[in-house]
Every structure is written in structure tokens, then in C-alpha cells.
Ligand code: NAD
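For reference, the chain that follows is the form predicted on its own, supplied as C-alpha cells.
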């Protein structure tokens, strides 16, 4: 094993030892740890934004503040405000048969939680799950992405300054370190990333019977209904698609548009992109693609669609390629077998699929794996209800994009190929806790009174219970 792998193993063993020998942390301790995460983000916001921008090549400071730091702080506020209530034992019903007893549930720490975070929102997707892990009383070991080395190094430094290694620690390193990290017998393993890697993480974790939360992705559709203004929908979709250059797990992956409006919607989306990003190459508010490999994949997908006869609308300028940027792009008529319609795009490329009626649009969604997000644009309650009932997804924003993830009171997670388990707020606290059922016998225990040896009274009580 290399040095980082040895370090991960030793850090895990120390956290595991402490979790087994120390009592669950009190509310005061958990609130203190949450405050330290908050202070880490506030005190180092500029350093964090600069490190992420350096890893991307270009990453908007404003996007880092609004889409990473602000949601993290909101999550901490929500958790701190509600944690005293969440931690209280929950009384449960006791059947007449077992009266006068008490039944309740204690939400207790699992122990040590491993968190593997991706590169696209490296701060939020590292420390967001950590907030839930800390709230639930756990210790945590973090493994940030190797594609954001400057941020990962900074995170390791900042965490080590504020936390004892037995509370929270960060392990940096490449693919081999990540693989060894997954093999550690965590009490819960939290992974955010691609579906293909998620399968491998789950397979490795199964060897230790480690439960997993997988936040994956998929092809999240935006359904524009005939009653909704095309310009208004285009504004919301352009916002959700082109922030962070489309490198967002819940970004709209494709549009389902009424056939008669498809071209108008395409033009409207590009127009909104031009308004939001007047230039591309020298615009520090428009992110670069994270790596040359990801850039080449996106460029190849666009070229293949164009060569197959698709109409490609692009807002780009000279020099974008050298800056490793792909301007906002909309594709009409992409072949059914193309990468754009079969793989998660994860970039600023947006295919539009025309539909003749809503049933055919729903059929298109249902023929594919369940997505992480779904966006429906309609002013009709009946239409929205029909789409919600017949197209399953991890989460939904109606008449907008991305905003369901920002609601601290809502669970966030996938379903099927887009993920396993949900977190955020109480759902995150509960996901990373053990719900321990406790029954307290009252001043008399009737079952002990009736036997054994079983007699006539036991038989009569048995008949009574069977007839209830």
C-alpha cells in the first residue's frame, strides 16, 4: 500500500476505535462541530473559490459563492435550528397487549461515515454530507476528487486545523487511494459521482456489508408543455443548464418540447445564453470543462450529431477551444442512437426532442432509467399532476430548474440508476443514524404472568388476540 492508503487506514482505525469506546456526542458537541464547519467555509471563502477556479482553469467566483458556500451555510443553519428536536427520542404506540409499557426510537450514531465527493461542486458535495454525518453524531473520513487537487489539498489543511483527526479527517490521492478507501469497513459509505463508478463502489462496499448512499445522475428531462410560454421556460432552462458549464448532476440533460415550438425554444435558449454570457473565452463567469478528456468527449458528441444531420446552435467565440471551454450549445434532431440521447451529457450541450403529445413525451422518459431530476413547465395543475404521477425521478422543480436541491426541508436523492438513499436536513440525519427501537416494560409484565407453564388463562388470552 502507498502512503495515502496507509494514512486512510490508520485514520479509519482511530475513528472506529473512538466510535466504539466513547458515548454518542451530546447536542452541545454536535453543534460545536457544525459551527466549525460553518467557520471553515466563511473564513476561507476566497481561498476556496480561488482553489476551485485553479482546478477548473476557469470557475466563476460568484457561482462558487452562490452554489456551494451559500447552500452549505443554509444547511448548517437549518440543521442547528432543528437538531435538538431531531435528537429527542420519538415515542411510539404501544398495543393494549403490552400495556403499561413504553416504546420509543433513539436515533443513534452509526459510527464512522466515509464520504467520497466529486469534482463538479467539490466544497458542497464534501461538506454537505458531512453536515448530516456530524448532526447524526458520527465521525467522518472524506475523500475528495483527484480532479480537483488544489481544492483537495486546501480542504485537508482547513479540516485538520479545525478538527481532531478522530472527529473528521481528509484523505487525498488518486484512483488507487479511492479504491482502498472504499474497501475500508465503514459503518456507512456516501458516494456522489457517476452511475458507472457508483456500481463499483456498491460492489466493493458489499464485501463489508457496508450500507451505501449513492448520489448519481442520469438524463434529467425538462418537459415544456404547450400551455407554458416558451421564452419563460427557455430562461429557466438556460440558467439551470449553463451554470458551471453544465457540469451539474441535476442540470437539464435534454428538453422535451412540442414539435411545433421546438425550433423557437432552441433559439430562445441560445438567446438567453448570449444574454447571460455575452462572451465565452475571456469570461470568468463561464466555467471551463474540468479536463481535456471531458472536453474531447463533449466535442466528439457534438461533431457526431452534426455529421449525422442534426442542427447545432452554438454561442461560442474564437479561443474557446484553447481555454478548454465549450459555449452553450443546443442540438435539434440528434439521432436516437447518439451519445447525446443515451449518456449523461454533463456539459453545456442541450439536445431538444420534439413530441406530438404529452403521452409520447412521457413514454420517452419512461423508456429510460429514472433520472435524478425532472423539470416540468406547465401552468395546469392537472398536467403537472399527470407528469408527477407517470414520470418518476429523484426530485422535481416545477416551472424552474435546480431549486428543489436548495430546499433544506426536502430530501435530495436519486431512485434506481440515479441513486440510492436521500439526504439533506432531517432525511440526512435519519439516513446516517441507526433508528434503535426501545421497549420499556411497565410495572407489570402480562406475558410473564400468563406463563409458562401455559394454562387456561393463556389459552383464553390467545383466543382473544386471534379474534381482534
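Residue numbers count along the first chain shown, from 1. Bear in mind the structure is a predicted one, so any value in this text is a computation, not a measurement.
The same protein also exists as the form predicted together with nicotinamide-adenine-dinucleotide (NAD); that form is not shown, yet it is the one meant from here on.
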Within 4.5 Å, heavy atoms only, which of 133, 216, 350, 127 is in contact with nicotinamide-adenine-dinucleotide (NAD) in the model of the complex?
216
Picking from 336, 96, 367, 175, the single residue whose non-hydrogen atoms come within 4.5 angstroms of nicotinamide-adenine-dinucleotide (NAD) in the model of the complex is 175
Out of the stretches listed (318-326, 109-117, 77-85, 276-284), which one is close to nicotinamide-adenine-dinucleotide (NAD) in the model of the complex, meaning heavy atoms within 4.5 Å?
109-117
Given that nicotinamide-adenine-dinucleotide (NAD) is not shown alongside this chain, does residue 200 nevertheless sit within 4.5 Å of it in the model of the complex, heavy atom to heavy atom?
yes
Should residue 429 be classed as touching nicotinamide-adenine-dinucleotide (NAD) in the model of the complex when contacts are defined as heavy atoms within 4.5 Å?
no
In the model of the complex, is there a heavy atom of nicotinamide-adenine-dinucleotide (NAD) that lies within 4.5 Å of any heavy atom of residue 272, even though the partner is absent here?
no
Contact between residue 295 and nicotinamide-adenine-dinucleotide (NAD) in the model of the complex at 4.5 Å, heavy atoms?
no
Could you run down 137-171 and flag each residue that has a heavy atom within 4.5 Å of nicotinamide-adenine-dinucleotide (NAD) in the model of the complex?
143, 144, 145, 146
